[in-house]
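The chain below stands alone and is given as structure tokens, in the form predicted on its own.
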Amino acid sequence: MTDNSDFELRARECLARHGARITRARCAVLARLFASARPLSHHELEQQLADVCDRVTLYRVLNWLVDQGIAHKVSAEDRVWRFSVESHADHRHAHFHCHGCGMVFCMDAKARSPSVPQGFDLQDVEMTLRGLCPECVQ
């Protein structure tokens, strides 16, 4: 099992690869996203990182990570943004939103990009599958 220091090291290496300034808040947020098996909301991260950064700093770090292409965000039916990082640069994959517990999970399968008319510039694809996760099925 991977411990927190592995995620912190991974976060530092990722920030360094992007030529970014390595701050305590950026490292902590990115390490927490690396450690999570599912996308996390701002509120969840705020609770987990209360001793590291305040709400405004967390918003800024999350937006910066998304702007840099390090993290991505997805909104489910509850209209709450959730953030995650992926090992691959292309974030065009499907998400699964559980109607039972409200959790959102990244799916391995890539979302199929719809064809767009000539002259259009497709920049993002978002696909959300809905149903029940294994825990809620039981």
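C-alpha atoms forming the largest set that superposes within 1.5 Å between two forms make up the rigid core. One rule holds for the numbers: they count along the sequence shown, beginning at 1. Quick caveat, the model's predicted, so the values are computed rather than measured.
The form predicted in complex with a further copy of the same chain is left out here; the points below concern that form.
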{"property": "Segment that reaches a further copy of the same chain in the model of the complex - one of 99-107, 64-72, 32-40, 45-53, heavy atoms within 4.5 Å", "result": "99-107"}
{"property": "Exercise: Pro114 in contact with a further copy of the same chain in the model of the complex, heavy atom 4.5 Å", "result": "yes"}
{"property": "Arg21, heavy atom within 4.5 angstroms of a further copy of the same chain in the model of the complex", "result": "no"}
{"property": "Interface membership of Leu9, a further copy of the same chain in the model of the complex, 4.5 Å heavy atom rule", "result": "no"}
{"property": "Partner contact for Leu129 in the model of the complex: a further copy of the same chain, 4.5 angstroms, heavy atom", "result": "yes"}
{"property": "Core superposition between the shown form and the other one, C-alpha change of Ala25 at least 2 Å", "result": "no"}
{"property": "Rigid core superposed: Glu13 CA moves 2 Å or more between the shown form and the other one", "result": "no"}
